[in-house]
Structure formats: structure tokens, C-alpha cells
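This document opens with one chain alone, in C-alpha cells, the form predicted on its own.
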């Protein structure tokens, strides 16, 4: 089996990290996951018996919006990490960079060790998400890879539009372990645990708390929904976005929603919480590369409304497997929630169709087979 050195910049389990967890699992006897930060993601990998090592204790300060000066200033701190990765990679068949900072380190280490580089692109390389400098660096380095795996057609198209090589990029959706969605707890019991009355209509929002994830849009939409609609926000600020968290709490107070909103923070029982929701909302204000939350909601059998942009449009068929609304449109979001309340039979039918489609399209076993075939080609060439 192919021996892989996986690289990821995060110590916290976001969407890219959960995807990596599934991809690395079949290679657990032939891989190492190198992290650039300590955190709960390490424990998740260890729980799955996937070899993991934190390769540096120094935080890499560059962010997606950083300037060229900031980027160049970080190179000095990266040199020890690059040398370590280059040395480690000589024991593996390829380097698999799972995030943008991992791409920077992996690309240079690949050049030194002469091991092929694979880059898993979990982002839409647009100026909505990246500074012009960081996008240019990402595309330039990715163009030197043997393979770029984009997580949606939208991510693939944005990569090519930004100057990425069409001949090296393939799109492969995220995979999901269907067994995790087979035996879900009783929704009523979960609501009781959360202190929510059974007659409430529970709308769930599952993502990190960040302005572009649009939690504020859902809060505004609640004011246009019946009083029985209660919102659960599951997730926390990951990247220094505490100001936004304070804004959300202030907005709740301003709109008199204190009795209709619960902030649950980071939870590891997401599937149980989704199953307890009457609807899951995805409210990103700019194009989402994929949208794991959307697929998870479908697999839980919960109706879903998503923003009509980016990868979400590839996941939801409007009026058949869910609702699609314009980014940032409070009125459309409220209308979708109210439709779900007022048309329970149609909503349940859409949720059943969505679960069936998601089960067919996103089975992790089939997705991992696709990725394995692509990686085998890289090693053989």
C-alpha cells in the first residue's frame, strides 16, 4: 500500500480535518499525520489509531488575508519545519498537504526530498476568502504538485480560474461513514436534555462562529418566524473571531431573542443534535467550497436550507432535496423556515429524498476508493 505523509496546519477539527481523518484511516499502518499545532484533532486521530505527530510548537502567523510582507516574514520560522518534513518524507511515497499552510511547507519539502506532492484543496480560491498574494502563492505552489484534489466542482473551477493547471486537478467530494447515521437517538430525549419544550420548532446551525458563516443572518430571520422557532448554534470561534461572538450575543439581546436562542459551543455529538433539529440551516454569505454540514443533515434525515453559492449548489436540489436561498437574504431564509413549518409532509418527503441521494453519493468507502486510485497513479508516474 502507498505510504503517505499527511500534513495539516490545524490542531482543531474543522471540515478539512474531518475529511483527512476519513482519508487517512485506510492507511493507518502506512502513514503519519504531521500537524502544525497541538489540539483536539490529535486526540481524534489517536482514537482512530492513526499515527500522528505534532511537528512544531510555533504558531504560523500567516492567514488567508495576509499581505506579501507578512508572508515573507514568516519564512524564517518555517525553515526548521520544512527541514523536518523533508527528512520525514523520505520514508514515504508522497506528501499529502491538506491545508494551505501545509501546502507551503509540503511544496518546499517535496522539492528537497524529491517526493511527489498531492494537495487537497478545501477552499474556493477567490478574493472573498484570500488576499491576492496568498491566492497567487497557493496557485503557484499547487501548480507544482503531481495532483490537486478539489472538494467540489466549484473549488475546481475557482482553482482553474485563478491560474491553476487544468491537467492536474480532479474533484472528489468528501466522504461520510454511513454507519454513524444509522442509529440516532430519540429527538425528544435530546430536546429534553437541552431544556427545549417538545412543541418548539428547532432550527440548527452547525459551524464555527464567523461573519462569513452568517449566524447573524439566521438571528435576523428568527424575527420573521413564529415564536415557537428556537435556534441552536453549535460551534465556536476558531481563529480569533471573538469580536463576532460578542456581536452575536449583543444582537440576540437587541432583538429580544434570549428565550429562543442557545449557543452550545463546540460539541462532539453533532449527529445527535442534528437529528433532534426540525431543520438545519446553512447561511454562508459567500461561496462555500463544499458544505459538510449540509450532507450531515441530509444523512440525519433532517430538512436543510442552504445558501445558493459554491459547492452547496452541487449538494442541494432546490425543491427536491432541500431549499436554496440567496446569500445574506434574510427574507428568503425566513420564508424557507416557515415553509418547512407549514408544509410538514412535503418537508419530510424532501428530507427522505435527500437522505437517499446523500447515501448514494457520499459513501466514504466509494470516495476513498476514488482517492486511492488517484494516489496510485501519482506513485506510479
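In this text the structure is predicted, and so the values were computed from the model without any measurement. Numbering follows the first chain given and starts at 1.
The next section is about a form of this same protein that is not shown, the form predicted in complex with uridine-5'-diphosphate (UDP).
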property: Partner contact for residue 111 in the model of the complex: uridine-5'-diphosphate (UDP), 4.5 angstroms, heavy atom; result: no
property: Proximity of residue 115 to uridine-5'-diphosphate (UDP) in the model of the complex, heavy atoms at 4.5 Å; result: no
property: uridine-5'-diphosphate (UDP) contact at residue 195 in the model of the complex, heavy atom, 4.5 Å; result: no
property: Interface membership of residue 293, uridine-5'-diphosphate (UDP) in the model of the complex, 4.5 Å heavy atom rule; result: yes
property: Residues 8, 81 and 90 all lining uridine-5'-diphosphate (UDP) in the model of the complex, heavy atom within 4.5 Å; result: no
property: Location of uridine-5'-diphosphate (UDP) contact in the model of the complex, chosen stretch of 298-306, 259-267, 139-147, 187-195 [non-hydrogen atom, 4.5 Å]; result: 259-267
property: Of 135, 101, 208, 216, the one that lies within 4.5 Å of uridine-5'-diphosphate (UDP) in the model of the complex (heavy atoms); result: 208
property: Those residues of 3-24 which, in the model of the complex, come within 4.5 Å of uridine-5'-diphosphate (UDP) by heavy atom; result: 14, 15, 16, 18
